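Okay, here we've got a single chain as structure tokens, the form predicted on its own, with questions on binding and movement later.
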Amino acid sequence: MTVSRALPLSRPDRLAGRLGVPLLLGAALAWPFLTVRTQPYLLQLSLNILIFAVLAVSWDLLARTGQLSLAHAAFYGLGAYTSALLATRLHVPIPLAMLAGGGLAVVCAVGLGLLTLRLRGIYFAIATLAFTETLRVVAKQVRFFGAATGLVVPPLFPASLVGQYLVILAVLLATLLVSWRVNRSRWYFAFTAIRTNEAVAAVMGVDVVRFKVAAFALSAFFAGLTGAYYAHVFLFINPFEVFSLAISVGALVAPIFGGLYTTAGPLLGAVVLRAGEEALRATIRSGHLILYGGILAVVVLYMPRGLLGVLVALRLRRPPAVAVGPAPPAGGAGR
């Protein structure tokens, strides 16, 4: 049966768990306190990496149903504008405004999901891209939204990089937890069946509409929440940035680079890609994007399961551990 074909993909998740999740979590919590005084630039870079990671993991949630979405920038921008407008025009407390941003993204995702339910592949991608572009044009034209000039947004934690870091880390952990839980529930089999053969999944009793819309809503909530966070941390938004196609493309490239349909793969891809891009920018002033694109193309072409798939393959090729103990006596004890 086609569903069983994807079952080995859960192995990367098990490997990631054995690599020391508590150790990584402890390092992530200690990181802002170690760098805030000596290396504030690294802490600022960490915010960008964590934002990128949330977008990557949340995009992968929808990709598990086989949908190639380019609407992530739309949900990101909706979250940013909703939270900014509520906080500036209606003086709603910022945490509630951020949650409202994620909530509106969910509402729009459910509507878009129902409208595009029958579309797949490139047709679905084009429909989601059109949705993003429509929102961008509306935000650019309507004065209430700040038009092309944009909006100034109140801060989440004034002058506190540590507080900003801990908030986005909490959002990332929540996204990872949802992704991990989905891959360990019957949703995993439903998503895999839909991705493999939607018609067969429906015949087997999988509620295709419900699972696809649910995946869309989950994915959109975290994108919207992250967009709201971006608005209150960078204090200014405009339609060209928050509805940018680069956001949607970046959100889908990281899971492909790190390992699709897993929890650890999108996270690994986001960290390596964003940190690698910054390292290349610092060492090669001109043309670093050419090298960056070349590395990305090689990984996509020759590593179909991404970096995490390579790590798993290397681990499986490692010889089994040999039990350590006293050497048998010469001539054999059993004679």
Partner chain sequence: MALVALLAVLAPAAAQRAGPVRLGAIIPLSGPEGVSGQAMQKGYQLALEEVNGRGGVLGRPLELIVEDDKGDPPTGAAVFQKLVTRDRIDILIGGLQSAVTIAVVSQVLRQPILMAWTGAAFSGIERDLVKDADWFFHYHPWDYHNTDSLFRFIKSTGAKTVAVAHEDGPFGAGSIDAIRAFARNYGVEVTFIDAFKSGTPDLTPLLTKAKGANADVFVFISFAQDVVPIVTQARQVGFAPKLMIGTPPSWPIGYERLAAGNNVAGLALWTPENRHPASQRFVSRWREKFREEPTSYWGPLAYTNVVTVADAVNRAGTADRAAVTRALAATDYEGPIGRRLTFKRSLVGRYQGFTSLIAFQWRDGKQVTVWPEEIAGGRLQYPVGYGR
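Positions refer to the first chain, counted from 1. In this text, all values refer to a predicted model and were calculated from it rather than measured experimentally.
This protein has a second form, the form predicted in complex with its partner chain, left out of what is shown; the following refers to that one.
Q. Taking heavy atoms and a 4.5 Å cut-off, does R143 contact its partner chain in the predicted complex?
A. Yes.
Q: With heavy atoms only and a cut-off of 4.5 Å, decide whether F221 touches its partner chain in the predicted complex.
A: Because no heavy atom of F221 falls inside 4.5 Å of its partner chain in the predicted complex, the answer is no.
Q: May I ask you to state whether L55 is within 4.5 Å of its partner chain in the predicted complex, using heavy atom distances?
A: Contact check for L55: no, nothing within 4.5 Å of its partner chain in the predicted complex.
Q | Proximity of Y230 to its partner chain in the predicted complex, heavy atoms at 4.5 Å | A | Yes, Y230 lies within 4.5 Å of its partner chain in the predicted complex.
Q. In the predicted complex, do L50, T149 and F236 all reach within 4.5 Å of its partner chain through at least one heavy atom apiece?
A. Yes, each of L50, T149 and F236 comes within 4.5 Å of its partner chain in the predicted complex.
(Q) Between L68, L296, A275, V310, only one gets a heavy atom within 4.5 angstroms of its partner chain in the predicted complex; which residue is that? (A) The residue from L68, L296, A275, V310 that makes the contact is A275.
(Q) If the cut-off is 4.5 angstroms on heavy atoms, which of these, P158, G121, G111, G205, is the one near its partner chain in the predicted complex? (A) Among P158, G121, G111, G205, a heavy atom within 4.5 Å of its partner chain in the predicted complex occurs only for P158.
Q.
Which is the contacting stretch out of 103-111, 160-168, 123-131, 194-202, given heavy atoms within 4.5 Å of its partner chain in the predicted complex?
A. Only one stretch qualifies here: 160-168.
Q | Stretch 30-53: residues contacting its partner chain in the predicted complex, 4.5 Å heavy atom cut-off | A | Sequence-ordered list: W31, Q39, P40, Y41, L42, Q44, L45, S46, N48, I49, L50.
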